[in-house]
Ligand SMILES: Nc1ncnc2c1ncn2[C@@H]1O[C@H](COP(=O)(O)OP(=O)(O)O)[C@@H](O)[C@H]1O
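Taking the form predicted on its own, here's one chain by itself in structure tokens.
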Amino acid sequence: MTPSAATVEFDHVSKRYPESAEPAIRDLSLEVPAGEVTILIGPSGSGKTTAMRMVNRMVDMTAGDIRVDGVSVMDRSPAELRRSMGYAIQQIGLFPHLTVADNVATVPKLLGWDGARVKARVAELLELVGLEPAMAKRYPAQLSGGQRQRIGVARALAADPPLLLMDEPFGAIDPITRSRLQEEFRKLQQHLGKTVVFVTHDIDEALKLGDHIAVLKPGGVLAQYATPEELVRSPADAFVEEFVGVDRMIKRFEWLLDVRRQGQGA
């Protein structure tokens, strides 16, 4: 039985690319609690995507360790790891020659699920992400950007993984659709309780969706790891204060409290 959520520990993790004099990630240590959304955020060159991609070994770390539910990712093959985790990205990455149903069914089929179970799971997920059953027979080119993004999330959830990795999953769509998908994702997460590592460059998105936020400085240095409320109330240094937006600090805090109240009432 697959657990519903997993812990993720970054233990003094560093990553240095051969062509670069400076590390992309420098001595990163933090724990992602099970069942929570942890946001990785920072400016370009802060290593946020690299940090996330080391979890499923799309990038291998140079030093340190990453453990998922206490087991080092280096003790498992990259293929095994990736089948055990959901992965949703900004470009969505749907297979254009496959129907929506076949896109969503990709990982369950790799895991050897029987046809009836796959079909039932696809139907369940389309309903979960708010799409009509008729969508199953369409191809990605026949969908809007928002619909493709929902299919990307459905595919990431297909095998009921305990961990979701999401790299700017709502970044390539218009602001109105993006806001709607953020709200739907919050409600979905309240229902599913997955562990989510979520990369974004948008501080409002981070404050809205995150249970914890890791702010990374250029060079992959962790500036602060805190709840959204702590981040807004007590930024660790001038970098975090400027990144969150000191001029809008009070406004952000009031907005954040309102968002949280709405979420609890949903």
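Quantities reported herein were computed from a predicted structural model and do not represent experimental measurements. All residue numbers are counted from 1 along the displayed sequence.
The next section is about a form of this same protein that is not shown, the form predicted in complex with the ligand.
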Looking at Thr38, Thr50, Gln224, Asn56, which is the one with a non-hydrogen atom within 4.5 Å of the ligand in the predicted complex? Thr50
Location of the ligand contact in the predicted complex, chosen stretch of 41-49, 204-212, 63-71, 235-243 [non-hydrogen atom, 4.5 Å]: 41-49
Would Ala24 show up as a contact with the ligand in the predicted complex if we use heavy atoms at 4.5 Å? yes
Could you pull out the residues of 9-27 that have any heavy atom within 4.5 Å of the ligand in the predicted complex? Tyr17, Glu19, Ala24
